[in-house]
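To begin, one chain is listed below as structure tokens, in the form predicted on its own.
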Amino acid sequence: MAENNSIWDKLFNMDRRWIFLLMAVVVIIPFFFKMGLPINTTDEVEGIYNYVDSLEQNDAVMIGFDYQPGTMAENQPMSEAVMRHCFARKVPVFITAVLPLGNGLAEEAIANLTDPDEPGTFQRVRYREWHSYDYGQDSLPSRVTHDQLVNLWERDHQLREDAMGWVFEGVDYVILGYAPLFHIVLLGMGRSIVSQYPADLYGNPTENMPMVKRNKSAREVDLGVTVAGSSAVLWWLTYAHESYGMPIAFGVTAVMATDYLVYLQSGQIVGQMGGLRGAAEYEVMLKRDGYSIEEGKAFRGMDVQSIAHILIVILIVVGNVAYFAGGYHRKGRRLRAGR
């Protein structure tokens, strides 16, 4: 009995530094060894995915990078997942930002999705590169589509072997960027996108871009996805959805997710990604349908999160067993009784 008590004593009085070390080990290991714990998709994330999957080249999506680096770990994988889906389906993407730092996050997302050193990414062509290129006798139509531009561009350019396709700035995406008083900007885009953004982030005139010529106002955009770490998502709901009927989807941090489920239940939004889990679900569906060769950062992050949660549960169970098996509950009662 004494030996058992000594074991429980050691467990109950374990130096907390061992717990910190154990947590560090289980968090670090999944970064080097992919575990691939299963993730089941939910209706709210499937709602966004299925909506985007139903869009065609003549449709368009607007993504709001409405977060800062503080919530980047949760929000950035959401933005990249939706953008990858759109690029794979050749659906044009308008990119905006509620905050100035959103510009840099949008640029980083594009860079990640078009990284030439990573297999399964896209090959980017800047606006000025393809727009000023000499196509010979074939004139470049002002409303050139993705497929038309690919046919012309590939006469003299070759897609790299491991790329999933071309991405043309001004045809497949445009970074409109940050603009102050964004709720007013949303209202203004309901009349004209060019009136609010005469030039993109790099100074290219938006009025000459084929995707803007085909979608002159936000009323013609088929889905707005606001990815945020704050209540900025409600600006989209109020000033885009309620004002001129743009369908809206939310991508929010885990602590915010339950606050906005009411808008999902009321049918005001088509879906919601909540936290890292929501992004990981979207990545699972992208791989399932062949839009990516492997899951992204969110899926791997869920391995880390799941294992950490399992360890915490185990430690709680062990602590409670040690508390009762070691008689600490009886000792506490005697101390409180003054004996």
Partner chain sequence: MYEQIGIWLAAFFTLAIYSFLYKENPVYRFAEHVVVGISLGYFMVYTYNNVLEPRLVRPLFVEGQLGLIPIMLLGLLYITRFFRSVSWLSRYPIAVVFGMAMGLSFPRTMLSMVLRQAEATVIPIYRTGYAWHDVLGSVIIIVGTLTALIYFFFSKPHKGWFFGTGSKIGIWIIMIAFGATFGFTVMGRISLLIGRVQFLLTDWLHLIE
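Between two forms, the rigid core is defined as the largest C-alpha subset superposing within 1.5 Å. Keep in mind the model is a prediction, meaning the values are calculated, not measured. Numbering follows the first chain given and starts at 1.
The protein also exists as the form predicted in complex with its partner chain; that form is not presented, and the subsequent description refers to it.
Next on the checklist: Given a 4.5 Å cut-off on heavy atoms, tell me which of 122-130, 163-171, 86-94, 249-257 is the interface stretch with its partner chain in the model of the complex.
Outcome noted: Within 4.5 Å of the partner lies stretch 249-257.
Next on the checklist: Test of understanding: in the model of the complex, would Leu101 fall inside 4.5 Å of its partner chain by heavy atoms?
Outcome noted: Within the cut-off, so yes.
Checklist entry - Hey, in the model of the complex, is Ala325 touching its partner chain, heavy atoms inside 4.5 Å? => result Ala325: no contact with its partner chain in the model of the complex.
Next on the checklist: Is it the case that Gln196, even though its partner is missing from this view, gets within 4.5 Å of its partner chain in the model of the complex, heavy atoms only?
Outcome noted: Taking the distances in the model of the complex, the answer for Gln196 is yes, it comes within 4.5 Å of its partner chain.
Next on the checklist: I'd like to know if Gly70 sits close to its partner chain in the model of the complex, meaning any non-hydrogen atom pair within 4.5 angstroms.
Outcome noted: Yes, Gly70 lies within 4.5 Å of its partner chain in the model of the complex.
Checklist entry - Pick from Pro141, Pro180, Pro116, Gly136: which has a non-hydrogen atom within 4.5 Å of its partner chain in the model of the complex? => result Flagged contact: Pro180.
Checklist entry - Listed by sequence position, which residues of 199-220 have a non-hydrogen atom within 4.5 angstroms of its partner chain in the model of the complex? => result Sequence-ordered list has one entry, Leu201.
Checklist entry - Would you say Pro30 moves its Cα by 2 Å or more between the shown form and the other one, aligning on the core? => result Pro30: C-alpha displaced by 2 Å or more between the shown form and the other one.
Next on the checklist: If the two forms are fitted on the core, does Leu311 show a Cα displacement reaching 2 angstroms between the shown form and the other one?
Outcome noted: Yes, its C-alpha moves 2 Å or more.
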